[in-house]
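A single chain, nothing else alongside it, follows as structure tokens in the form predicted on its own.
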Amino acid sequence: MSVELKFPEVRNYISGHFVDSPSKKLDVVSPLDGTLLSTVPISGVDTLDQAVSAAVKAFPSWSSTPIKERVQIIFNYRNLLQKYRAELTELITLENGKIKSEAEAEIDKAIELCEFAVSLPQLIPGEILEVSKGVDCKTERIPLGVVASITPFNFPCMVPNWTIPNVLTLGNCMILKPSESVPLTANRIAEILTEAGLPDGVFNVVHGAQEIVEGICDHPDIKAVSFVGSTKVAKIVYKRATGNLKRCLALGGAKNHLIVLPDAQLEMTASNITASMSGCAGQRCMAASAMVGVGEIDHIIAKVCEEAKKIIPGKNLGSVISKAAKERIEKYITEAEQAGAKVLVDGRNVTVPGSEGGFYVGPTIIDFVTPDMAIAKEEVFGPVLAIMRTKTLDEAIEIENRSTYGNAAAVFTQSGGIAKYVTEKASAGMIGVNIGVPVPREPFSFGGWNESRFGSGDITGKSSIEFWTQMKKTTIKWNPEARTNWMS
């Protein structure tokens, strides 16, 4: 007996149209309540070849379109994201499990990313200089060609838009490979880009799994690849793509440390830490999953627990992405407890009335975690805060520095000197002072260090310009009568 789908079957989007998809499909299940939303095709490299061929065909015309005209389409796209904000919010909530305000924030960030892209004509003009009598040298930024982005489940709208506006404005054509768990938002983005005036073939969506990721890394006509996901897979993608002589920027996981001093402002610190560890159900690479308390911080821990108890699954806390994710997160909690840690707030075995089929983990606070425990070292990707205690600030910094990751770190204190010391010593690409989620706003770029990022540069902001373009240098001489020297 067939089961009715809430949305039509997902299809690939190639050259401005939805195309017939392979027969092999996966169910798209809402983590909110376990209901079936749709099915998504598990495409093969033949489908990827079609998408790349469409992009190759579109590239000459799109790359030769003046940037001031390309930017108008991205401006239209920005306005359409605003127009369809409610619809996109619902899609994100249904397929990812976020609460409404978090889904809306994704779209708002995508709008901000478009606004930065619209400024690119003012940021990339070339230079020209008379280097000798009658001889000019000039530089200009040239698009690479066909590029690809491989994006995760946790931000169905924001992460694709880390790359889409800049990639397209700079004159490239693009293949997007979204997570199989959240294909609906990606396809709606493709439709909105077409409505904004983007020519057919400039932006294409190919759904699939490992075969498509490997195909993107291997395809000779794809010049650059961005990836966002786990560190394990980021390493594989980076090695494979660069092994095929492509540019690659692969962002991996994180273990972000919040160093908390006894003088930290109580209310602000507790609310920031709680929001950081539980926002998006902890499924973000900027989540605070490790708190390192220095000295006597029992009063702050008590306030964090008080704030955590205000977070209710199904109301102001969304679901995690799958049953497997729920089981994995709860296993980390149980193992830490068995190893001697103390669970102060327990989010295991949660069910939401009316949504018993959903995948929920409540906010969890665990005290007396030691640095050698798995929960202290590994990315849990759930609404879980592991608290470690130290006697000195240098001990706390040593714990942060020992992490193989390096996405973010923060310090909570009212001392400017301590804050400066931590920001100088922390080994992470994004640092916060009294901020639990230190994500830079545009035009500042997003990117970590160490095993949180593989490749050079960052994925957003000014830093991304160099990644998505190449520099052309031209030397010009028109006057043969001019006085010459060794420079001409």
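For clarity, every value in this text was computed on a predicted model and none was experimentally measured. The first residue of the sequence shown is number 1, and the count goes up from there.
This next part talks about the form predicted together with a small molecule, which is not shown.
Asker: May I ask whether Glu180, Val213 and Cys285 each come within 4.5 Å of the small molecule in the model of the complex, counting any non-hydrogen atom?
Answerer: Looking in the model of the complex, the three residues Glu180, Val213 and Cys285 all sit within 4.5 Å of the small molecule (heavy atoms).
Asker: Out of the stretches listed (291 to 299, 362 to 370, 201 to 209, 127 to 135), which one is close to the small molecule in the model of the complex, meaning heavy atoms within 4.5 Å?
Answerer: Stretch 201 to 209 is the one.
Asker: Find out whether any non-hydrogen atom of Asn96 is located within 4.5 angstroms of the small molecule in the model of the complex, and reply yes or no.
Answerer: Taking the distances in the model of the complex, the answer for Asn96 is no, it never comes within 4.5 Å of the small molecule.
Asker: Quick one: does Gly252 come within 4.5 Å of the small molecule in the model of the complex, counting heavy atoms only?
Answerer: Within the cut-off, so yes.
Asker: Examine Val233 and determine whether its closest non-hydrogen atom to the small molecule in the model of the complex is within 4.5 angstroms.
Answerer: So Val233 counts as contacting the small molecule.
Asker: According to a 4.5 angstroms non-hydrogen atom cut-off, is Phe153 in contact with the small molecule in the model of the complex?
Answerer: Answer yes; at least one heavy atom of Phe153 falls within 4.5 Å of the small molecule in the model of the complex.
Asker: Here the chain is shown alone; which of Thr169, Asn407, Ser276, Thr163 has a heavy atom within 4.5 Å of the small molecule in the model of the complex?
Answerer: Spelling it out, the residue with a heavy atom inside the cut-off is Asn407.
Asker: Answer with one of Glu379, Glu102, Glu400, Glu330: the residue that has a non-hydrogen atom within 4.5 Å of the small molecule in the model of the complex.
Answerer: When the small molecule is considered in the model of the complex, the option within 4.5 Å is Glu379.
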